[in-house]
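Next up, structure tokens for two forms of one chain, structure 1 and then structure 2.
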Structure 1
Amino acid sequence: MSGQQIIKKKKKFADEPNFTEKKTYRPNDVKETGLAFVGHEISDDGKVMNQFLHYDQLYTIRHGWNSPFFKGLLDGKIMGTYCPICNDTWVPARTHCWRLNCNLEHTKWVEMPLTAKVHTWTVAGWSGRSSLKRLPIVLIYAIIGDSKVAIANELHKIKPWDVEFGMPLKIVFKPKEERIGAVTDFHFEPIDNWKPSPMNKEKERIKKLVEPVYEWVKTMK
């Protein structure tokens, strides 16, 4: 009896995207020497986005199901996901719900409000070469809208010692022509007319630690 070869055909989950919208950020004849986003491409159906990152060599970041979040940044929107079973919402987005009762339900996309609140925060007194002149940097984890998780980004237009847990924030985007579809396209600021609480011992302690950083940065050329 002759042997018979059985070939199992691999299941195809989706057609390969056709990328028609492409954009390059780098000027002509510029050779990157560090970490830089240099371009992106979007499929003709608008569902998938890839980004190109240069870090000693060129990398392709394939966002796949998370593409709506990064595409939203290009348009000045914060996109999150929600579970149609339990209605929990997340930014950063989750493609499936992690609740046991929801059995990894596939989530739906939703545009989030451009408001948030501080969950936790820290002050960076040291950084990479490209950010040294911006020190000290206030880095926060913020809850956007009714998200169940927090997202990290910088908080601007406030003294580091005046940051407070739970303080209300607004999301501010870069001008459209400067956006690249990365989280650096936006930052947080205190909402209009917000006032910090009076100085106290903890704020005095932070101020004492931070003020030398301001003086050090002034010495840089």
Structure 2
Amino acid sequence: MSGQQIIKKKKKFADEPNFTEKKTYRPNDVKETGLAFVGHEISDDGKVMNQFLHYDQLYTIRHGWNSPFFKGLLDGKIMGTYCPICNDTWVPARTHCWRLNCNLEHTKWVEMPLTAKVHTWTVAGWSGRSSLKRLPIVLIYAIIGDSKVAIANELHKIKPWDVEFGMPLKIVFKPKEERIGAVTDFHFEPIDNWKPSPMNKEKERIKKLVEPVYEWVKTMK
């Protein structure tokens, strides 16, 4: 067998992308340091030691077949997918139909309307470290167009206690130059001329719960 060259023929899954349009919006204070011991402390009796390990890593999230959704955000569009067999539509998008009867059919992309309705909602008075200063946050799950699923995002331009199940919404994008291709590029707002219902017991209750949050946020640096 010596000297015989075996050539394997592989079917290519996809061509390797050539990335040409690049954008960086890394804040100046974000530095990748990798792993570093950055300090230690020892108890006064000399018995216990704590050591501080810092770790900072940049991740690449390859969106692959989901890319049109995130690219769409840059253009101020909400892209969904639908199944050409059963016509179910989704935002967040699915790359394949969820029905086993459709045999995981590869879906097609469709531009969704910039209208939605509230499926469920909450008023957050506490959150993760990177969101604390934006509190209180009205987080809703909304159904965009005829999507079969609900998508989470923030509802702005409303008093937190005025949110209602089923209320009609519009989707509002950040100015083009501020968009980063993430779901934070857009938020929901009530449709024009929408009027909240009068105050009631539940609204008073939410108002009472939320008021200290405004005060607390003011004290944050």
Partner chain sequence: MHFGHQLAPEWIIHDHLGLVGLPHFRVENGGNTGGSALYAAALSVMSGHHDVIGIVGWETMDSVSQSQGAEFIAMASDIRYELMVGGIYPIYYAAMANKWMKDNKVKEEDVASIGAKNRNNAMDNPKAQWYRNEHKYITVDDVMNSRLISYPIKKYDCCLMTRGVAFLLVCSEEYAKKVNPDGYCTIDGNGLSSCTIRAGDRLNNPGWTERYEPNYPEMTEFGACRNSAEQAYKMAGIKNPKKEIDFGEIHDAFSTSEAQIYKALGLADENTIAQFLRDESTHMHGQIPMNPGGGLMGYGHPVGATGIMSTIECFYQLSGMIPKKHLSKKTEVADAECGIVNSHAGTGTSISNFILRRGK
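Residue 1 is the first residue of structure 1, and the numbers go on in sequence order from there. Each form is matched to the other, and the largest set of C-alpha atoms that superpose within 1.5 Å is called the rigid core. Small disclaimer: the values here were computed from a predicted structure and weren't measured.
Structure number, where the criterion is the form predicted together with its partner chain
Answer is structure 2, the other one does not fit.
Does the distance between the two CA positions of residue 120 reach 2 Å or more between structures 1 and 2, the core being superposed?
It does not, since the residue 120 C-alpha is displaced less than 2 Å between structures 1 and 2 after the core fit.
Has the Cα of residue 133 moved 2 Å or more between structures 1 and 2, judged after a core fit?
Shift of 2 Å or more: yes.
Relative to the superposed core, report the C-alpha shift of residue 216 between structures 1 and 2 in angstrom.
Value for residue 216 between structures 1 and 2: 2.4 Å of C-alpha shift.
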